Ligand SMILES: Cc1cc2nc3c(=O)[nH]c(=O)nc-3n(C[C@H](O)[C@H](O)[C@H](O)COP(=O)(O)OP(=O)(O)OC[C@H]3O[C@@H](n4cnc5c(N)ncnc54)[C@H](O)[C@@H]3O)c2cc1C
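Coming up is one lone chain in structure tokens, specifically the form predicted alone.
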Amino acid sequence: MKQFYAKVISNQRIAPDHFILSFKTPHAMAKKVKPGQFFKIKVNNSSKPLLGRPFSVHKAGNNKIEILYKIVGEATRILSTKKSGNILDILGPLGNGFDTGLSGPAILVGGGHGVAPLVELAKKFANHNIKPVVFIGARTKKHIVCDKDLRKLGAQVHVVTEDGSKGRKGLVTELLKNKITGKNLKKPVTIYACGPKPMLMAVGKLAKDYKIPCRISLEEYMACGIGTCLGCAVKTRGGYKMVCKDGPVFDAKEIVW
């Protein structure tokens, strides 16, 4: 973990309310970042907003980090106005990422902009000749992001939208269930998921029911990002833990929903 000032390289809109921002990192930092870790970014020097916001690593390498974010409030609206050359106050990398030491095959599940950390995770698997099966779910086709990036990494990508405007109509967990109950599932397999809490609950339950290891990345409001303020506590079978410090990636069976 390190606090540093970083220069914005680019900040591009990729969907109606989604952007990818890249910034320079201190020497060799990008090589050490794990998929699932995050950075806290303070979007300006004023007290509004006072605190930095957490953003998971979307891509890492070549002395730069990319984050994928969605405009959901004032902080992300301000972030969307940043230009190449602007300076950001950043803390990170923070948290515990996905354990990529496990052998394949792997299933990746992303809901909405929760797909953000799965691209770097898929890249790690690709580097070990593992081509994961990826399920991406969103409300409409305009909210589907990263499917092309994942396919370029060799992943088998399935898209689900609630309104049927792209891919299959329904919920991503329905397609996941079809996969893990099908005859062609290669075992042992591990599920890695990131997205809204209802989706993660459903993914965790499927993994438990079918005895499949599952790692999930939780999203909680984080004030300090280092486990001091105790604002992102989550109940686990081992007691309360901090999403920012002990997570954000947890073994799904540990979480008490």
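In this text, residue numbers run from 1 along the sequence as written. Bear in mind the structure is a predicted one, so any value in this text is a computation, not a measurement.
There is another form of this protein, the form predicted together with the ligand, and it is not shown here; the text below is about that form.
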**Fill in**
Only one of 181-189, 158-166, 73-81, 131-139 sits within 4.5 Å of the ligand in the predicted complex by heavy atom distance, namely 73-81
**Item:** Non-hydrogen atom contact M199 with the ligand in the predicted complex at 4.5 angstroms
**Value:** no
**Prompt:** If you check in the predicted complex, is A116 within 4.5 Å of the ligand, heavy atoms only?
**Reply:** yes
**Request:** Look up in the predicted complex whether M222 has a non-hydrogen atom within 4.5 angstroms of the ligand, and give yes or no.
**Result:** yes
**Message:** Is L218 part of the interface with the ligand in the predicted complex - any heavy atom within 4.5 Å?
**Reply:** yes
**Request:** Sequence order please: the residues of 38-68 with a heavy atom within 4.5 Å of the ligand in the predicted complex.
**Result:** F38, R53, P54, F55, S56, L68
